[in-house]
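Below you'll find only one chain, the form predicted alone, shown as structure tokens.
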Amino acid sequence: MQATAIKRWEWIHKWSSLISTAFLLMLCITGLPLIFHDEIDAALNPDTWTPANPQAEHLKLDQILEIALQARPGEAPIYMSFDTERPVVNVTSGPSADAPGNQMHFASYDLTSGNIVPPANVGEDFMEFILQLHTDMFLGLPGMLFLGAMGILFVLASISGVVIYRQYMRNLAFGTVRQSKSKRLKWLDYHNLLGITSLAWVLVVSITGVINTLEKPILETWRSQNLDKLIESYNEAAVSKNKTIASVDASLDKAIEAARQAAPDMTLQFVAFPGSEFSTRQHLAIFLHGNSPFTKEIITPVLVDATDGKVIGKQEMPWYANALSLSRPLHFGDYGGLGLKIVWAILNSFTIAILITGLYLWWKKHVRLKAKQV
């Protein structure tokens, strides 16, 4: 490789690293507890709750919805989700179906009795703070997009680092650490060794992180294009966007059963009520997912008319929405249980070491160059 090309790669590596390092350190440090979010939650909030009537037949979802709305007079249903391990249904409501997140109310209900399930709040404020800092630094969409740009810079830093490593280590065995050389060279060798060892992981986590930062634009694109096309493809269901939000006159249980028949061999995930972000003003959007470790992240929405419970149609999510769904668990190592999470944590620690040693090496070089100019 020519000297000019090497210098170009070094310039890319230097500035992509320096610009992004502080933010990447923040992401790595906040990412550690988020990897073990479920385990931390289970430790802080041991599951001591039991259903009121374990042997009783479960209440209908229409009954649960009625109980939830009676407890919040004047509010509208927004979402209903389902606990996969307990007979619990979660209902989100608000002053209107299109209310912002800070006006939403979330409550969980026992399917065997309709009683409220006490929330597990110990440590939740701290974990929510960590998640928000990691996701958007409390800046909303601009913060998410900024962190996405930092992720792209980290990908550039990693690729350029491999090119430089290959060039400078071509006469040495892979992974060589020159113990007899200067302290700076040993730090450089450790920096390179950790970088090349964790390269695949760094690229996976960086790319999935960038995809996750595009969540809002991806969902908005899906809603404005694919959801509208699904409605427009059924002339009898075509509606004006200016119409008021429809009330749910149809039976929720029957609507869900109709959706299950339209998407057999899938599991119910959540329901978005008319007017909510994930539905239209006149339909229930019933989301189902697959049952295998891979397909459980792929969701399929089924639209049901809120007035009569008839299925309007279903549509597979577009590739970019599926990429988002698959990126979320992969980013935090949620695919393989505790073992994979431990591997993720170790590699995350490697990345912290890479960033710190990179800063050290840049500073030592900077000091040395300044000394020569004196």
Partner chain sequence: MCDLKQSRYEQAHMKTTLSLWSIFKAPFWLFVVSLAGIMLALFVDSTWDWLATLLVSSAVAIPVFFYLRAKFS
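Numbering follows the first chain given and starts at 1. Please read these numbers as outputs of a predicted model, since none were measured by experiment.
What follows is about the form predicted in complex with its partner chain, which we do not show.
- The stretch from 308 to 316, 345 to 353, 54 to 62, 23 to 31 that comes within 4.5 Å of its partner chain in the predicted complex, counting heavy atoms only, is 345 to 353.
- Contact check for 115, 264 and 286: none of the three has a heavy atom within 4.5 Å of its partner chain in the predicted complex.
- 171 is the sole member of 84, 244, 182, 171 with a non-hydrogen atom lying within 4.5 angstroms of its partner chain in the predicted complex.
- Of the residues 105, 260, 296, 216, just one reaches its partner chain in the predicted complex with a heavy atom at 4.5 Å or closer; this is 296.
- Contact annotation for residue 165: at least one heavy atom lies within 4.5 Å of its partner chain in the predicted complex.
- Contact annotation for residue 270: none of its heavy atoms lies within 4.5 Å of its partner chain in the predicted complex.
- Of the heavy atoms in residue 99, none are within 4.5 Å of its partner chain in the predicted complex.
- With a 4.5 Å cutoff on heavy atoms, residue 178 counts as touching its partner chain in the predicted complex.
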